[in-house]
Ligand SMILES: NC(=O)c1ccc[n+]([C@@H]2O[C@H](COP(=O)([O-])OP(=O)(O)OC[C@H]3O[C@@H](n4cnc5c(N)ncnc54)[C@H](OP(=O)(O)O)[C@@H]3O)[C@@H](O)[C@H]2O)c1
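A lone chain, given as structure tokens: the form predicted alone.
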């Protein structure tokens, strides 16, 4: 028999966890949210009548409790539940924040519960995803042994692969995810702004760049970061880079420092291939330096 779960916080992540764990056969002990309407909306999806604005009214009935509130409310929510003896003995308490460690749930230990975190490496744009957003993704888990073991099983039942990380490394892990997701959008914005400055429309820009983006990701997947890098820096083609800098400086000067910063940090990746001479590496670093 699958465990009973409670979800406190009925936003995008809490909704997805409730929906797909219910489909995987987990029993829904109840749902709690500051907005009773939000809890009732998710209750219709997971087929439960047990909803409340008071978390400890539903968490007492659960073997596993998910705290899927906003990050800045997780610790206080956990503490409030603990004060009201709202966790069962040996229950597992999990939050889904990518940035925060499991230790922010330490108050739950007063109830003899086990604590951990379970972060899906996925972006949740809607409370009604078209498909299972957990399928074939990575769910990163850390915390106490009993919590990690339960979270690993949950990740598998959601269709994901489990990655165990160190509690003390959670901030660096999350920084990596931010770069891969959020800053990738920023990088693409730079690319789109440059190609549009060359007279390409928004629609044409995406059509033109999409195969290149996908091809680059494929190259990195197959060959790794170093061997996945191509272009003028790898070739030591300073003349081409000079033309880039000249035109960007003339037409979109606000983007120049960003372009040069990216170039500067690309040099070490290119150098790792071993094809650039020390003199060329020195010239590239001098060229991309932001010092005036």
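Numbering follows the first chain given and starts at 1. Since we're looking at a predicted model, the values are computed, not measured.
Not pictured, yet referred to below: the form predicted together with the named molecule.
For this session: Answer with one of 97, 102, 107, 140: the residue that has a non-hydrogen atom within 4.5 Å of the named molecule in the model of the complex.
Result: None of the others qualify; the residue that does is 97.
Exercise. Which one, 284, 13, 270, 21, lies within 4.5 Å of the named molecule in the model of the complex by heavy atoms?
Worked result: Exactly one listed residue reaches within 4.5 Å, namely 13.
For this session: Answer yes if any heavy atom of residue 48 is within 4.5 Å of a heavy atom of the named molecule in the model of the complex; otherwise answer no.
Result: Residue-level check for residue 48: no, no contact with the named molecule.
Exercise. Does the named molecule come within 4.5 Å of any heavy atom of residue 88 in the model of the complex?
Worked result: Close contact is absent here: in the model of the complex, residue 88 is far from the named molecule, nothing within 4.5 Å, heavy atoms only.
Problem set entry | is_contact(residue 253, the named molecule) in the model of the complex, heavy atom dist at most 4.5 Å | No.
Problem set entry | the named molecule contact at residue 70 in the model of the complex, heavy atom, 4.5 Å | Flag for residue 70 set to yes.
Exercise. With the partner removed from view, which of 238 to 246, 31 to 39, 221 to 229, 255 to 263 is the stretch that lies within 4.5 Å of the named molecule in the model of the complex, judged by heavy atom distances?
Worked result: Looking at the other structure, the answer is 31 to 39.
Problem set entry | Contact check for 8, 120 and 124 against the named molecule in the model of the complex, heavy atom at 4.5 Å | Yes, the whole trio is in contact, each within 4.5 Å by some heavy atom.
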